[in-house]
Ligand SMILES: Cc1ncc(COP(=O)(O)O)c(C=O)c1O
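Only one chain is given next, in structure tokens, and it is the form predicted on its own.
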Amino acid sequence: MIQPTSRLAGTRPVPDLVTEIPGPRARAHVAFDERWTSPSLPRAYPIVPVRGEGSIVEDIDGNLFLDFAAGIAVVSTGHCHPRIVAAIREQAAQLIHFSGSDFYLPIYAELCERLAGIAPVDGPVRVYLGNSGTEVVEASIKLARYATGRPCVVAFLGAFHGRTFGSVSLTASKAKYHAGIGPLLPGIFHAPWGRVIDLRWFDDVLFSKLVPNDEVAAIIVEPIQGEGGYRIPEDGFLQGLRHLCDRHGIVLIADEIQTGAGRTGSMWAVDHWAVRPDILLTAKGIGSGMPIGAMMARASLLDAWPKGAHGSTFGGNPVSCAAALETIGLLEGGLIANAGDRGRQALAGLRSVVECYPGLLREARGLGLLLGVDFDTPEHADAVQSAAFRRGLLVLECGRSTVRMSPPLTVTEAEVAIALRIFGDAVADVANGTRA
């Protein structure tokens, strides 16, 4: 067991489950929640968190969990990192809100300059700030159409770009996201994803049978598919996509909302393939839990927008900007390197588990701390997610039958080791037909 030095755990081991799971207070809160909140919220399992530190979460009953979900890959610097908390407190004591869309907010421009300096985009870069990933996806659709004068956008089968109307029109990871809300945004096409041979679809099908190439404004791609199953593309796919866009004057948008901010062991996932998009989108891990998203684009694209073409009342609010600036410093100060080291440790351990259960498990894959394990059926993936939760480890499903691990980038060697042991035990429970 881990013997953490954190103030939250004290001398307790982690995980440390002191009630049945879920406990009595958690069950009561779930009943309360289900009376008042939208039934559209897809809760994974009944955890009711009240405190967090690093990779540790305490629930309402006092149980300690090891968090390898990180708020869906959001708390990149861990729960309540002291430097993030200090930055939030300092900024909140000075100025909580002053709209960056209508006034010259100093910290807004400071963060834009910082992001432009680390953006994997050629030439001068300008930045737009929003509140979330789906917001900056929406912004990128508008910008690409406006800057090119073209109406169509191509996304990929298996992609997840958000749930607001434009971004959900791009999403193609699950049919349920489109159910009952059509018609969706027009001019959207979905291509096969991930293999070099799939790139032939553009010339053989899209441009020859569906839409002329000079009517396509942008191609938006996740360098590694997130909700689609933590799928990694074949080498050459992203490079071929860049070449395709250059050949036809199409804007290449990299959606790094889940893959960016150091999670793959590099600041951006596109770095692994040396691909430079025209627009890069980030959110999730860049703010360590605070609501912020950013669209980093070639200045020549953003310069096309006139004043008032796009904006946001709350996007780039001072408190979120302060958290993001501190997050970038922590990432560059060692957390990206730790993500690479701990990711290699975790992937080796997960592959060992796969070897022990060849009928139940198909593959373990990932880069850095973006890790997925494929199961033979969705039911088995769900059962392992639940078994891990009952043992005190938080993981999440994605794709059709994948369980993902995306812990904070602060995760330690000891925490990875205990997570691997619990995950192996959860798999054994399911393989043996038992319940933890």
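Computed from a predicted structure; not experimentally measured. From 1 onward, residues are counted along the sequence shown.
Keep in mind the form predicted in complex with the named molecule is missing from the figure; the text below concerns it.
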query: Heavy atom contact within 4.5 Å of the named molecule in the predicted complex, the stretch among 357 to 365, 185 to 193, 251 to 259, 298 to 306; finding: 251 to 259
query: Contact at 81, 285 and 326 by the named molecule in the predicted complex, all three, heavy atom at most 4.5 Å; finding: no
query: Listed residue that, although the named molecule is not shown, lies within 4.5 Å of it in the predicted complex (heavy atoms), from 132, 338, 91, 317; finding: 132
query: 97, 247, 200, 163 - the one with a heavy atom within 4.5 Å of the named molecule in the predicted complex; finding: 163
query: 4.5 Å heavy atom contact, residue 278 to the named molecule in the predicted complex; finding: no
query: Partner contact for residue 227 in the predicted complex: the named molecule, 4.5 angstroms, heavy atom; finding: yes
